[in-house]
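Below sits a lone chain in structure tokens, taken as the form predicted alone.
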């Protein structure tokens, strides 16, 4: 695991958590690359929060291993605490203290010198857009403001890994947009690794580099949205939408001549290509090299919603068959 930790900030091997006969997390093998945003996606009760608690060392695994930046949460809790910040779905602050006072208290708990603490607090408050509210009592904050204060709290501690559990739950649409933009900057500009748990597919697709789909304690699929779509389409026909300028006979011939193209249809400025495989990389290169302005190229019908639905149905089907087989075996 030491070698893997050089490229990955979070690594688990065979991670399992049982509560009596209930298997909350089942043999989880997870790797999260440094500086990326990884989404744990699944319904309530799928095992996402239990996974997070094991990563943070707040509950011990029944079996398997966890490493956070090379450290074992169960045996090196202080090292993990310095490397990982946690934003739960409901952030707790002292209601009768101001935002600034709450952050100062966090700095004191983490042993930061006063000058370092004040500088970090000032920068964190500005970063999350709470400059005008920092001197107000937290009891007056909206849920969205509390979440932003929670991120400021993490920035004061300055960890390389930030773990978020349903960070946008109960926030208005504008607040969600601002929070997602902030999460993106934490990874893109700061180089932090973000691990977030959510059941809101469109938000996960908007900001995550990779996704792990959880069902009944198992991670049944993992990868980029494109990777997951390709896995589902293996052995099936691909339908691509292409828009380029100008649309002329030469462009049509370029599209038709690509290996794997079975049929081409034109719908106004949009071309629909039925293919035996995903030809986006080669087609993009051909169109751009030929001097066309490529405006749109996408795989039709495979948003994260569709991917999740198909994987979920597939897993539920497998679960149903397994349960049926078990009952048959028991009868015999």
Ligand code: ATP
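Numbering follows the first chain given and starts at 1. In this text, all values refer to a predicted model and were calculated from it rather than measured experimentally.
One more form of this protein should be noted, the form predicted together with the ligand, which is absent from this view; the next part is about it.
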{"item": "Option from 291-299, 260-268, 36-44, 60-68 whose residues, in the predicted bound form, bring a heavy atom within 4.5 Å of the ligand", "value": "36-44"}
{"item": "Interface membership of residue 11, the ligand in the predicted bound form, 4.5 Å heavy atom rule", "value": "no"}
{"item": "The ligand contact at residue 24 in the predicted bound form, heavy atom, 4.5 Å", "value": "yes"}
